[in-house]
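Quick heads-up: it's one chain on its own, the form predicted on its own, in C-alpha cells.
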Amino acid sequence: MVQEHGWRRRSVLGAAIGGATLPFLGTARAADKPPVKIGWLVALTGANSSPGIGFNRGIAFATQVLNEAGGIGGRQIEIVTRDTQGDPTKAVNAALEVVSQQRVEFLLGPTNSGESLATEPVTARYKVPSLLYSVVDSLVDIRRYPYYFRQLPSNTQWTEAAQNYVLKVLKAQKVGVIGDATGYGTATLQLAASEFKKAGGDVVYTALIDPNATDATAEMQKAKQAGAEALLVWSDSAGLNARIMNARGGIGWDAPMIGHPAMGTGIVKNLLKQPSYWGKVYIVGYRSTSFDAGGQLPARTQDFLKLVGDKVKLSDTTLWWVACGYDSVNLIKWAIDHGGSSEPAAVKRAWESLTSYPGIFGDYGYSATNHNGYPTAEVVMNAADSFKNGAYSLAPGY
C-alpha cells in the first residue's frame, strides 16, 4: 500500500528526481546483475500509431531516468520493443517472441484494443505481469487473465464521459456514432451506440471507416442528412480523425464531435485544412493533464514537466500518453521494490495491494478483485483546440 505523507506530494517523481540528483552508485552492481526485461508491444508505424509514439516517449524517458539512478535494485532496465504496426497478427507473433524467446519479465501494451484482443489469450499462459494500454472492457478478466492489469480507463469510462457530455452539457439527443474499422473501433461503436440509447438518446447514424480511408465526406453527408446533432467518434488514428474534421468542415457542417483523445493530438492540428475545423471537438481527457481556470496544470504535472524539460517532444502528441508511459516503468519499479521480487506471483500481490498510487497520469489503485486501476472521477472532457504542449483546457460546462 502506498503511504501518503510527503511522498505522495513528490509522487513517482520522488524516486526519479531524487535519484537523478544523487551521485550515481549503481553502475558496478548493475553490471553483475541481469537486466529487468520489459516487453513493449507498440504500433510505432501505421495509421493507428499516434498513441504508441506518445507512450513510447514516456517509457523511454522513465527508463533513462531510472537507469541513470541505478535501475531497479541495482538492475538496469531493458525495454524489448516490437513495432506491431497496428496489425493483430504481427502483434501476436511479437508477443509470443518476447515472452517465449526473449523471456521478458513484464509486458506493456499493445496500444490498440484489437491487437490486445488477439494477443492476450496466447500470452496469458506465460503468467507475465502485464500493464494494458487498451480500453475494451472484456480485456480485464481476473479469472482468465490474472496477471493483466489495466492502466488506462476502461471503454465504459470513456464512453460514459462522452455520452454524459452530449446529453447533459450539449443537450443533444440525436447522434451519429463513428468508429474506425479495427477491433477497437468496432467494439466501441457498438458499446457507445447501445449505451446512448439506454440513456434515452437517439442514434440516427452509425459507420465504420477504414483508418486509411482518404476521404470521409460521404459519411459526414449521411450523418447530417440523418439529423445528427452531434457525432461520437471513436478512432485512435490521427489521420482519420483529421479527415473526418476536414469533411465536416468541407460540407459546411458544425455539429460537435465528441470522443477519442486522439482527436486532440498535435498531429491532427497539422493535418486540418483550416484551424477552425478543430472547433467544437471535445475529447476524453484527464484532470491530471487539464489546465484549470487560471491556466495552470496540477502541481504534480508541473513537476513532471520540469523534470522532462526539452528532453521529450510534446508538440505533436498528448501529455497523458507520455505520462502514462512514464508511470508504467515506475509501476514496475514499485512492484519489485514492494513485492521484493520480479517473480510473477510477487508482482501480482504487490499490484493488488496498491491503493491511490500517485502517478503523473493518475492515481492508480488495484485489488485482488479489481484490475482496473484508473479512477472514474479523474476522467473529464477537454476542448481539443485548447491544445498546448500536449495538455488541454476543460471543455465548456465544467
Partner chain sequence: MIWASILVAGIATGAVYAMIGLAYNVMYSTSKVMSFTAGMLGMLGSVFGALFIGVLHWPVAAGFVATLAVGGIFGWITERLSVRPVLRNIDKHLYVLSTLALALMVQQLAAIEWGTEPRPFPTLFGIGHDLTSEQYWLPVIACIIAAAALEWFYRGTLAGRAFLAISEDARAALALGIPERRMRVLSYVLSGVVGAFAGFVGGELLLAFFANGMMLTFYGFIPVAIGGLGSNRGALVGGLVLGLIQQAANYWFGGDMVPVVAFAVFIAILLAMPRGLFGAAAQRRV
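Here the rigid core means the biggest group of C-alpha atoms that line up within 1.5 Å when the two forms are laid on top of each other. Keep in mind that what you see is a predicted model, and the values were worked out from it rather than measured. Residue numbers count along the first chain shown, from 1.
The same protein also has a form predicted in complex with its partner chain, omitted here; what follows describes it.
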If you check 330, 49, 56, 67 against its partner chain in the predicted complex, which one has a heavy atom within 4.5 Å? 49
Picking from 141, 292, 210, 202, the single residue whose non-hydrogen atoms come within 4.5 angstroms of its partner chain in the predicted complex is 210
May I ask whether 214, 222 and 239 all come within 4.5 angstroms of its partner chain in the predicted complex, judged by heavy atoms? yes
Partner proximity in the predicted complex: residue 273 to its partner chain, non-hydrogen atom cutoff 4.5 Å: yes
Since only the chain is shown here, I'm wondering whether residue 299 would be in contact with its partner chain in the predicted complex (any heavy atom pair within 4.5 Å). no
Even though its partner chain is not shown here, does residue 250 get within 4.5 Å of it in the predicted complex, heavy atoms only? yes
According to a 4.5 angstroms non-hydrogen atom cut-off, is residue 75 in contact with its partner chain in the predicted complex? no
Just one stretch in 312-320, 242-250, 227-235, 192-200 has heavy atoms within 4.5 Å of its partner chain in the predicted complex, so which one is it? 242-250
Determine the residues of 153-188 with a heavy atom within 4.5 Å of its partner chain in the predicted complex and present them in sequence order; the list may be empty. 181
Aligned on the rigid core, do the two forms place the Cα of residue 272 2 Å or more apart, comparing between this form and the one not shown? yes
Rigid core fitted, is the C-alpha displacement of residue 105 between this form and the one not shown 2 Å or more? no
After a rigid core superposition, would you say the CA of residue 287 moves by 2 angstroms or more between this form and the one not shown, or not? no
